[in-house]
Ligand SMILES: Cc1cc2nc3c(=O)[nH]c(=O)nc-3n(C[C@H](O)[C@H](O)[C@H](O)COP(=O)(O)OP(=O)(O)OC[C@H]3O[C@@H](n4cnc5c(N)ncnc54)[C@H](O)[C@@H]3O)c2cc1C
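In structure tokens, the next block holds one chain alone, the form predicted alone.
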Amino acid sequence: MKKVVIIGGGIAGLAAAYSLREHQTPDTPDFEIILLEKNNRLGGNIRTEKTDGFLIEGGPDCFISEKPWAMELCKRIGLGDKILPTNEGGKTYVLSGGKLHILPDGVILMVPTKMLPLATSTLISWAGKIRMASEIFVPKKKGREDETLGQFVRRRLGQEALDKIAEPLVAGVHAGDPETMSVRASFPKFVQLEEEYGSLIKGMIKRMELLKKTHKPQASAGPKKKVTMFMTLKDGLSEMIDTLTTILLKTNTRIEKGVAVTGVTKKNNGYEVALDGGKSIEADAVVIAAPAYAAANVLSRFDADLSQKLLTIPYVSTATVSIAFKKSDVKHPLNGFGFVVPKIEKRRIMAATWTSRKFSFRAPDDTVLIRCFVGGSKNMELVNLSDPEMIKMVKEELRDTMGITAEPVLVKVFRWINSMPQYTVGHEDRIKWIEERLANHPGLYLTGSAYHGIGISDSIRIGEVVAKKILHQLKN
């Protein structure tokens, strides 16, 4: 019987394994899947904990509906009824001058689509507003060479838009630095808008008009579920991991936790996967669904050049601190989903999500659950603080930004060391080189967030692409 070994039990590895079973056809030779995870739990950065009536996400807390692969997978594995939208009133605040200002209505990521809310905003100066509005007159860039997100935003929208909107939003999502991030790899849609419409504002307004036309309400047999930009699962994202695991174990799939892979070598027409402790597994196909630096380590003796290239994809570390207070101790109206913090404010957190306001079923009714983000490219050294030091720091930041002086009723700290890949300038060329090199090793595949998209949905999508390639290989 043929064997497929998947190295890594995060969402990318599990999605690849599930897709192999889902798309298997009667004419596919029978095969065994062996999924190896070095840690004692599956899920990678996805980790849900429940305690004292609170539901706490240690890593990501949602997926984006615009990228449909996560939502579609949830439906296919029987979790369609568990998909949960955000609550109403999803305003975002930006900390500026020590005060929280509402991000103007109509600003999509960093692109203003409504001029009146921008004009009346207290976040941006008049000079900054005029510069942003004049984006429609900025000529589009000639040539296709890559540039940083910082260069792109400065060129199209100005320095203030970069400092107060683009940078903090990017730091909150990607934990990245706009001065090193590749705009083509990280935000290809912005590049497409400029190339197609000559203006981000014109392009975004046109796109929104098209979306309204294609999503007109239609008569249907039953009520449609509400879809918001951010979606999650009622019982937490770990439910996706647990359900995938349960389904896979009912098929010819072996899942081994606490097993580290030390190397991959060529053997006959396939590969040999060496395990810590001296054992090995022969495989017809190998999928490395682990961070790029972990893949580099596994492949260091097999293909030194490929290993070195994988090491050129940088990573940053982050931490999340979920902290709960009695509702009566929080004076802020919480009329939004949280706030982001520009680097120029020189604070020690990147952002804070008002979790119990953003999603239902996250905290007891008489409490408020807030999740603060620490580290990333701007303050990575803070991830190394001890738990007491980090909690003290977060309490001080919430005191200064939200006026909360009470003691919390619950605190949970999660650290994610070297967990966030950074798509720096030249990323597309690096990935092209890696994929051309992989073509020399039929049956060896890489998947995960380091290559073609960072979020949950992209990891699922790429895992499915790899699975289809393997099924094609097994048939031939």
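So that there is no doubt, residue numbering starts at 1 and follows the sequence shown. Quick caveat: nothing in here was measured; it's all calculated off a predicted structure.
Note that the form predicted together with the named molecule isn't included here; everything after this is about it.
The stretch among 161-169, 315-323, 395-403, 97-105 whose residues place heavy atoms within 4.5 Å of the named molecule in the model of the complex is 315-323.
The named molecule is not shown here, and in the model of the complex it never comes within 4.5 Å of any heavy atom of G53.
Taking non-hydrogen atoms only, G10 approaches the named molecule to within 4.5 angstroms in the model of the complex.
Under a 4.5 angstroms non-hydrogen atom cutoff, the named molecule in the model of the complex lacks P408 among its neighbouring residues. Contact between I456 and the named molecule in the model of the complex is found at the 4.5 Å heavy atom cutoff. A heavy atom within 4.5 Å of the named molecule in the model of the complex is found for exactly one of I83, L248, L299, V261: V261. Between the options G426, P60, P68, P442, the residue in contact with the named molecule in the model of the complex by a heavy atom within 4.5 angstroms is P60. Of the residues in 33-50, those that come within 4.5 Å of the named molecule in the model of the complex through at least one heavy atom are, in sequence order, L36, E37, K38, N39, G43, G44, N45, I46.
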